[in-house]
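One chain follows as structure tokens, the form predicted on its own.
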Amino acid sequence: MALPIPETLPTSATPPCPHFGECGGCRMQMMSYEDQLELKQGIISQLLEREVPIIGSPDAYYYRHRMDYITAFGKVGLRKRGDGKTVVNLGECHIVQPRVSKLIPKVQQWIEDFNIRGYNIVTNRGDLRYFTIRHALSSDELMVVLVTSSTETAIEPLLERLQGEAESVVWSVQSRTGDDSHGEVQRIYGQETITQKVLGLDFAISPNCFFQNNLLLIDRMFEEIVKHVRGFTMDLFCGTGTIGLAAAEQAERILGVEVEPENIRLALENAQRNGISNVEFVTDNANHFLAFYEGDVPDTVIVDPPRSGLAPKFIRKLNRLNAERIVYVSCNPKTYLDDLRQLEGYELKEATAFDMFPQTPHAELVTLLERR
């Protein structure tokens, strides 16, 4: 869920993108970046009823690590603003690096040349559903993922052509209806993963793993998280271990919990490639894990949940765990506030916002909660 940004925004900048106003990807390009930060800071401070500083992105454009471009109705692009059934054909995209932006029209042309059917998002029929890119900025390695609706596909010529454009080319299948660009990997050409540095550590990124999207601001946000870590630390919803491994030097030991086996495999690989030994990773649902946990009480618990926030059952178990401090990373201020009200005996001590999504109504929060 986005911040409650006003529907009508003041104009203080000239949008650089020719698709602005039609494409639903960037809504705030008509505002200067200083005005965007001021607006977001005011809204977040009002929601939390305290002054919350906001850290801006080093660049308000060219920051995104991942983009899911829809291939439908003979177009490659994003949904039209206010119309989820219409796709805007993008000739360029200003929130990704130029290497990615230049690839979009090539893919559009190749889809036409090879007579590849897109996917009708109204009738849920067709072949190629998404053209997804993942770009590791520190290594300049590019992963392109073509997501089809089934294994009966005609994308082979496109897969071959893309091998000259990216370090990793992936074919995956997502047969369920709905807006989901994550699929079951069928084949990988080139590298199985790409590598991004965070706080001097190397992290492997796979086709379906979660990774923070603003790679220009990720180091600064992780520094904020790490500075709150003390002693034995539980990293719940740990994903591929990025936060826990970044905090390993600060912590006595790290225990990461993640439900997806593929993420845990990468977390173990990331620990090994960075020579970090004071970490342990468990494949389990975080709620189930806490229900049966009988070990030491952690000094610090890190939670970085999806936009839906923490489940009530999970919060009750977190309350019973009674850790000294909780570092809560949130991408949804509404669910964060709902969760905060249910965390018994904890006081909000520090909060910092990070503009991980310039030109959009979104922001990220890093907060420290301490037991009263």
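Everything quoted here is computed from the prediction, not taken from an experiment. Residues carry their position along the shown sequence, with the first being 1.
One more form of this protein exists, namely the form predicted together with a small molecule; it is left out here, but the text below deals with it.
Contact with the small molecule in the predicted complex holds for none of Thr352, Thr367 and Glu370, as no heavy atom of theirs lies within 4.5 Å. Partner contact region in the predicted complex: 204-212, out of 154-162, 136-144, 204-212, 80-88, criterion any non-hydrogen atom within 4.5 Å of the small molecule. By the criterion of a heavy atom within 4.5 Å, Val259 is counted among the residues contacting the small molecule in the predicted complex. By the criterion of a heavy atom within 4.5 Å, Pro333 is excluded from the residues contacting the small molecule in the predicted complex.
Within 4.5 Å of some heavy atom of the small molecule in the predicted complex lies at least one heavy atom of Asn285. For Asp339, no non-hydrogen atom is located within 4.5 Å of the small molecule in the predicted complex, even though that partner is not displayed. The partner is absent here; in the predicted complex, the one residue of Ile243, Val170, Val76, Ile194 having a heavy atom within 4.5 Å of the small molecule is Ile243. Distance criterion of 4.5 Å from any heavy atom to the small molecule in the predicted complex singles out Pro306 from the list Pro306, Pro53, Pro58, Gly345.
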